[in-house]
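In structure tokens, the next block holds one chain alone, the form predicted on its own.
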């Protein structure tokens, strides 16, 4: 009996039962894990199913300080988390009988024709994520149904180089400079090279990034500073804040209008009052943004303030939106509250870092497909049919 196959099989079954006990699961798993190196297998591009899948691949490929520059928000990162969480406070109402047929998602914003109401947000120094930087981002955006791209004022490559050759439509971002000639010398060549609109960012006055401060010794030479680190600009005020953005005034829009002949947007609007001031100063579109949670921490999420801004504008100018979008359903929720288009920032940066232009293309195509599916499930086949009736909001 001791040597019989039946006895051996019984002992093997008992051992398997004990090993599979939940009481032993955690200690066994912890014993098998390398506490320093993650041994998880990196997925191939074809295996990625959502935009969330791209972040761990980007994390694995980037040095820590570069990854953190994309990842962090200001202060304790409450606003960055709230941007994402706010989408959980709105329900899309499915149609009793889902729509069938072709979904129409094409639109036009300030003269720029789009197959989907989606832009690539202006984000800085994409050359840290991929050797081809902004040119790879545009290549991926072009491959994804010619998605328009907003080129950052702090791009790795000059606007003219990003714009060289055929590709998706381009807008250009501007951080205002006090010397008007500095704004003119930057914008005029960009517009000549094909920029169809100017996005003036007004929402990042004096941010502090705690994650960058904690990680300062990970940078070259063991010191903080540079992009994402401790600002090195000398302060001349009792609050010890750099002054290079604290001078912003509304008359800036009046002044650049004298030489900017393409549409102008104000990026960073979070209140109805500021939206109305934008209209008073001839701004052509409102861009609702809190800089992806990288401006003032504990400010509201962009999704929470979107309805009041749309109501204040009353259709007189387009409303563009960003902040926390990761799924096509998020896009539909923003459109239902009145946004004319949305912008994608972190997700396409993950795509660029993970797989270059093909990664950007895949991220955008996932969002486009998810948007169409959500529209079908809510019984909408056109953007004109998307409205607040299809959404139940319970902000907290």
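In this text, all values refer to a predicted model and were calculated from it rather than measured experimentally. Positions refer to the first chain, counted from 1.
Same protein, other form: the form predicted in complex with a small molecule, not shown, and the subject of what follows.
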Subject >> 4.5 Å heavy atom contact with the small molecule in the model of the complex for all of 328, 372 and 380 >> reply: no
Original post:
Based on heavy atom distances of at most 4.5 Å to the small molecule in the model of the complex, which listed stretch, 169-177, 102-110, 138-146, 88-96, is the contact stretch?
Top reply: 169-177
**OP:** Flag residue 117 as yes or no: does it have a non-hydrogen atom within 4.5 angstroms of any non-hydrogen atom of the small molecule in the model of the complex?
**Re:** no
Original post:
Though only this chain appears here, would residue 70 touch the small molecule in the model of the complex if you measure heavy atom gaps against 4.5 Å?
Top reply: yes
Original post:
Does residue 292 make contact with the small molecule in the model of the complex, using a 4.5 Å heavy atom cut-off?
Top reply: yes
Original post:
Could you tell me if residue 322 has a non-hydrogen atom within 4.5 Å of the small molecule in the model of the complex?
Top reply: yes
**OP:** Note which of 357, 337, 344, 58 lies within 4.5 Å of the small molecule in the model of the complex, where distance is taken over heavy atoms; exactly one does.
**Re:** 344
Subject >> Selected contact from 201, 299, 183, 74, since only one has a non-hydrogen atom within 4.5 angstroms of the small molecule in the model of the complex >> reply: 201
